[in-house]
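Here we start with a single chain on its own, the form predicted on its own, put down as structure tokens.
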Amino acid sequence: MLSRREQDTYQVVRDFITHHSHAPLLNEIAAGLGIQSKGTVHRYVRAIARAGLIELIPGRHRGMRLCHPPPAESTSLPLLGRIAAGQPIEAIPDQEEIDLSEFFMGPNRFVLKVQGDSMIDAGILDGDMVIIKQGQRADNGDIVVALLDNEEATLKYLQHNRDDSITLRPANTALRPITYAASRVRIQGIVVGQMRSYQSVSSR
């Protein structure tokens, strides 16, 4: 693990090589770090070389070059089969992987943390994270983020009515749907995904 200053040193070296097409000298790295000690810089440089991020070339002026960057941490998880929520079926491993970046990521998407129990019958519980695709248009039955009177946002099923009013329906039998004039409701986006952790942070 590199220290914060060692990470800063690597960033300075990488940026310098990117902009100048050659490696920096120790005093140029020191300037980039805002320090004066070449000895300190030399120690940082040795550390990032040991980490395999750069290669030092003895006897060569500006004898330093970037190594291939380490591969980014995968955003895929293996799909090891299918499991029934009703009658048991055999869970058979296969070779598929699920790319989480494709599953959750996309243009104009953001995350909201759910508070409250108005959508529990839709499987959206208090504390869940929902992925929202930003937009002002939605169809009947979509779960939407609706902004009421430009003040309060809520997560509900959307229903467009024939009289141009809008009904926001909770997914909780203890709560009642509420109808608003269309002018009071602005759609901010629709739910396209959901995340929930069954493991507390402290137990990881």
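These figures come from a predicted structure and were not determined experimentally. Residues carry their position along the shown sequence, with the first being 1. The term rigid core refers to the maximal set of C-alpha atoms that superpose within 1.5 Å between the two forms.
Beyond what is shown, the protein has a form predicted together with the DNA; the following relates to that form.
- For the residues Gln136, Thr173, Asn150, Gln36, the 4.5 Å heavy atom test against the DNA in the predicted bound form is passed only by Gln36.
- The closest heavy atom approach of Asn140 to the DNA in the predicted bound form falls outside 4.5 Å.
- Although the partner is absent here, Arg43 lies within 4.5 Å of the DNA in the predicted bound form, judged by heavy atoms.
- The closest heavy atom approach of Leu26 to the DNA in the predicted bound form falls within 4.5 Å.
- At least one heavy atom of Ser3 is located within 4.5 Å of the DNA in the predicted bound form.
- Heavy atoms within 4.5 Å of the DNA in the predicted bound form are found in one stretch of 175 to 183, 157 to 165, 142 to 150, 54 to 62, which is 54 to 62.
- The two forms, fitted on the rigid core, differ between this form and the one not shown by 2 Å or more at the CA of Arg46.
- For Ile190, a C-alpha deviation below 2 angstroms is recorded between this form and the one not shown after rigid-core alignment.
- When the rigid core is held fixed, the Cα atom of Glu55 travels 2 angstroms or more between this form and the one not shown.
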